[in-house]
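Single chain ahead, written as structure tokens, the form predicted on its own.
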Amino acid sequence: MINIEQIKQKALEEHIPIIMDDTLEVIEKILLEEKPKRILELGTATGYSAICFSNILDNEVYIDTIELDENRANVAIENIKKLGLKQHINVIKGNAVEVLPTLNEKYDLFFIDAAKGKYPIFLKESLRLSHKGSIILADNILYKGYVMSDYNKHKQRTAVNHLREYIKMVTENENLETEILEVGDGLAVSKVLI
């Protein structure tokens, strides 16, 4: 039998990015407060965060999660199956930029933790799939502190610029109430007001 701790350890050993413990603690409070019934996650990795979310909500939730990397998606599907969560978590293989326009469900909560350079696109699609009261969470929004500094190295420039654009979009949109939390690598929490 496999457990959540083993999934976490394996991801850490293999340098697969997973949600940080302090970020997960903040999200746990949000999940318990909001009690979402449908969650959309962008960036499954090995399924760790989706499994955590499902466990926090006593499996009273349905999660769609999108993963670009086929190997990681397969590992996630296997982990979810072994933990008996197949009826609660659905892994969609593919590029979120292409998958999102095909979705038409309304979701109560979004967890964005995929390609940093695509966050503005993910936000537009999340807003389309949201309803009044939906929560949009964007992880790693401060990106090692680069986003709030005058960092401008070529290698990360695109990601940093797109994350800055995301922050501008969520803080200037009158239909969103947003806080940027300095937890983990930064977490943007936006509530849809209309």
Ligand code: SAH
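Numbering starts at 1 and follows the sequence shown. In this text, all values refer to a predicted model and were calculated from it rather than measured experimentally.
Beyond the structure shown, there is the form predicted together with the ligand, which is absent from this document and is the topic of what follows.
- The ligand is not shown here, but in the predicted bound form it comes within 4.5 Å of a heavy atom of residue 96.
- Of the heavy atoms in residue 110, none are within 4.5 Å of the ligand in the predicted bound form.
- In the predicted bound form, residue 114 approaches the ligand with a heavy atom inside 4.5 Å.
- Residue contact check for residue 69: one or more of its heavy atoms lie within 4.5 Å of the ligand in the predicted bound form.
- For the marked spot (54, 79 and 84), a heavy atom within 4.5 Å of the ligand in the predicted bound form is absent from each of the three residues.
- None of 48, 62, 143, 166 but one reaches within 4.5 angstroms of the ligand in the predicted bound form through a heavy atom, and that residue is 48.
- The stretch from 38-46, 123-131, 157-165, 54-62 that comes within 4.5 Å of the ligand in the predicted bound form, counting heavy atoms only, is 38-46.
- Of all the residues from 4-23, those having a non-hydrogen atom no more than 4.5 Å from the ligand in the predicted bound form are 17, 18, 19.
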